[in-house]
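Just the one chain here, the form predicted alone, laid out as structure tokens.
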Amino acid sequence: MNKILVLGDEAIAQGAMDAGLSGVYAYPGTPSTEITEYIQKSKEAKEKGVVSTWATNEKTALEGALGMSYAGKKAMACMKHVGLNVAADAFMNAAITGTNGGLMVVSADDPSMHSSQNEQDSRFYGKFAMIPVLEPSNQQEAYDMAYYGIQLSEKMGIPVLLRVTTRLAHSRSVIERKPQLPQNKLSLPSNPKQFILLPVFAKKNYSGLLGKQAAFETEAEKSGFNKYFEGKDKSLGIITCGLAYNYLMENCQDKEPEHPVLKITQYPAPSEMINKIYEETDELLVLEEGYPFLEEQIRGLLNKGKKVKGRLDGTIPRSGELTPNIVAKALGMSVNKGYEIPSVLRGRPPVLCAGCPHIDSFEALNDAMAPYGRGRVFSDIGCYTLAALKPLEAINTCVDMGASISMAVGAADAGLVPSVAVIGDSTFTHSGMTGLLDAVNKKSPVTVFILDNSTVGMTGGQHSAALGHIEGIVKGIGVEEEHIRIVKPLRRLHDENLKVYKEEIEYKGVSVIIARRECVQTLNRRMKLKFANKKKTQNVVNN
């Protein structure tokens, strides 16, 4: 099949596979999840033995991919933008070690915070690490850049960052595939000290990275992804980054733009092209999704008196997603207002699924905490964060993966006793174990609720690394066995569970309550599959 209809995420997955990928390592996080899921479901990937692993967190995912690269094979690590924070240590140092086999890191950003804590722009990480960054403007480029990025990594001996945003990740288009490249054979680095970052070796590697910067910019100028389009009206020059180019063209209605346009989708930013459009036009408009990443660079590099418009001067809103209407308004064009939403329709806040075990857990927790007053429950990232909203209003914080336990410990240190932490099973193994170890070492008066629904529920029911291991982990960390309690969150067991909650909250030490009941969504899918298989078997018997 030369042409296929895919999501932007799926285009990345297919491009990487066609480039000879041997393994993908990831932690699920919207809007990046579908990349790995596509490979996991791919018959082609199974036939080729492509490894597709849900790691415990983004750091271990990137380290796994780096290990595969060390062994000479092509690898990819996928995560959402806040996951790159977790993987930052490995990410920054991988730029110093370099690669053996091709290594591409995919970070999916979430402007407007559809399902995230912030609007972070991953391009800054790429610049910080001084590695090439690719930012596709459509699904075909997402495919082409995944295919190219792995090869660029091998050519330059450096990791490559591929940055996408929510709209591109989760919209579909037809793409045309390229010839499939073979997977690499196992081969160790020619320099046995390449991956040993002792100062004596790291200094040499770092000098090598600095020495490649000119080559990275030359590649960005010549690869063909960055393009300059001449325009008759030189009163304005337009620079677009990634998906912003599509929004511009949508406003042109199949006509060529009147103004010169520089389309940037590969970094380091092509300075010669930027200088050309700056010198040829009276003022610039920078259209980019996320932070004013390029706008800040242009203002710094080319502050020669001409006006540079964008997010920094208010021409483009400082926060939120870029849209075709925002671009139209910035260009002084008419804005398509669309249809008005009838007043009878009201926005509905997200709620926990009907029958969700977390509902019963939080109702019991609310009753247990009532005598102590509000403000004592520290939560984490997951479906259960919805307990912050009505009707439960049971939690008081949600900052980052694993913060619940550490914040509860700090609050207890400040005298807020009792302090309670709520964390999911997958988030616990992702980032919560170290916080629990701190609590044990300090003998903190905190109660930790691990809401074990046996899956990564918020991102669609992926495998949880904690499955079958939680009690052993908690015990191994040092929590006293008599204060490791397991309950089944059901309404009919409310009084029984409430008694356990009260006992452990009153305990002046570390206690862990594991509230275990399968996610209602994965249960429904499992039962439907079981019924379908049973029916299939019965049909075979009858025939």
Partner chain sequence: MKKDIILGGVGGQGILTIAALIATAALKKGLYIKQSEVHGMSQRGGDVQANLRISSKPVMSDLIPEGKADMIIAVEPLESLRYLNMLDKNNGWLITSSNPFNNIPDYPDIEEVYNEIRKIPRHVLIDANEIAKQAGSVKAANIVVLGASAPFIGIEYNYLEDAIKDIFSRKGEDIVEMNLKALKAGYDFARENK
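Everything numeric in this text was worked out from a predicted model, so none of it was measured. Under this definition, the rigid core comprises the largest set of C-alpha atoms superposing within 1.5 Å between the forms. Residue numbers count along the first chain shown, from 1.
Just so you know, the form predicted in complex with the partner chain exists too; it's not on screen, but the next bit is about it.
Choose from 324-332, 125-133, 436-444, 98-106 the stretch whose residues reach within 4.5 Å of the partner chain in the model of the complex, heavy atoms counted.
Going by heavy atoms within 4.5 Å, the stretch is 324-332.
Within 4.5 Å, heavy atoms only, which of Ser361, Ser464, Gln139, Thr240 is in contact with the partner chain in the model of the complex?
Spelling it out, the residue with a heavy atom inside the cut-off is Gln139.
By the heavy atom within 4.5 Å rule, which residue out of Arg172, Lys232, Lys185, Arg318 makes contact with the partner chain in the model of the complex?
Spelling it out, the residue with a heavy atom inside the cut-off is Arg172.
For Phe378, is any heavy atom within 4.5 Å of the partner chain in the model of the complex, or not?
No.
According to a 4.5 angstroms non-hydrogen atom cut-off, is Gly457 in contact with the partner chain in the model of the complex?
Yes - in the model of the complex, heavy atoms of Gly457 and the partner chain come within 4.5 Å of each other.
At the 4.5 Å heavy atom threshold, is Val82 in contact with the partner chain in the model of the complex?
Contact with the partner chain, no.
Within a 4.5 Å heavy atom cut-off, is Ser115 in contact with the partner chain in the model of the complex?
Within the cut-off, so yes.
Any residue of 335-349 with a heavy atom within 4.5 Å of the partner chain in the model of the complex counts; write them all down in order.
The stretch touches the partner through Asn336, Lys337, Gly338, Tyr339, Glu340, Ile341, Pro342, Val344, Leu345, Arg346, Gly347, Arg348, Pro349.
Does Leu345 show a Cα shift reaching 2 Å between the shown form and the other one after rigid-core superposition?
The answer is yes, as the C-alpha of Leu345 shifts between the shown form and the other one by 2 Å or more after core alignment.
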